[in-house]
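Below you'll find only one chain, the form predicted on its own, shown as structure tokens.
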């Protein structure tokens, strides 16, 4: 094997995860992507054909210990070390206490919170070998303030606490742990989770959100990928425990300010 650093991305076949994979391969990392949906893997290769021979697209379920164990064996046999773990896999079902089903609640916890826990726990022996590894959890501003889904918000708030706990827990192994909390980012997420089925309705939602952002735009996947690229690099070697809202200033929205004359 060459001297490329090995990075594992969960949910790396769509949306933010796929953009991260594209960014990191361009920075000469060896990227492994795990996704439980074969159709998404095929879609990713179609959308980004340049990644076909650069990314190891592997089917797997981050909420399954058996599946993660097989992934561990693959990385151990192929590379013997893991320099970065990016927990980007996530699902969402809209609902409040009265409307969200217990099954959807549990599924979000399984994928969004238990998944990153199992990934970090299982991959820890490989991360230790890197002598300077980085774990990045892709959380959400919904974990910092309530959003449209009680299950999603709670799972992401839990993910932020997992980040904070692991900082001291893994620091002695020279493993850094940080969280990126995106706001609304234009991806397939809302369609893949059947929140929107109409492109027209989705575009109206995006426009309504855009005007609420101080920077007057919602996020693009590359916005998150750029931050990941920095955090995983040696330039961020003293950053651990950061919970970073990456949301175009929407968390500081102030409707009481008078409109600006442009």
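Numbering follows the first chain given and starts at 1. Note that the structure is predicted; figures quoted are calculated from it, not measured.
What follows is about the form predicted in complex with a small molecule, which we do not show.
Look at 120-128, 163-171, 96-104, 81-89: in the model of the complex, residues with non-hydrogen atoms within 4.5 angstroms of the small molecule sit in 81-89.
Taking 75, 144, 189, 109 one by one, only a single residue has any non-hydrogen atom within 4.5 Å of the small molecule in the model of the complex, and it is 189. Interface residue among 225, 31, 62, 232 relative to the small molecule in the model of the complex, by the heavy atom within 4.5 Å criterion: 62.
Contact annotation: residue 176 falls outside 4.5 Å of the small molecule in the model of the complex, judged by heavy atom distances.
The closest heavy atom approach of residue 150 to the small molecule in the model of the complex falls outside 4.5 Å. Contact check for residue 21: no non-hydrogen atom falls within 4.5 Å of the small molecule in the model of the complex. Taking non-hydrogen atoms only, residue 185 approaches the small molecule to within 4.5 angstroms in the model of the complex.
Contact check at 4.5 Å (heavy atoms) against the small molecule in the model of the complex: none of 27, 55 and 134 pass.
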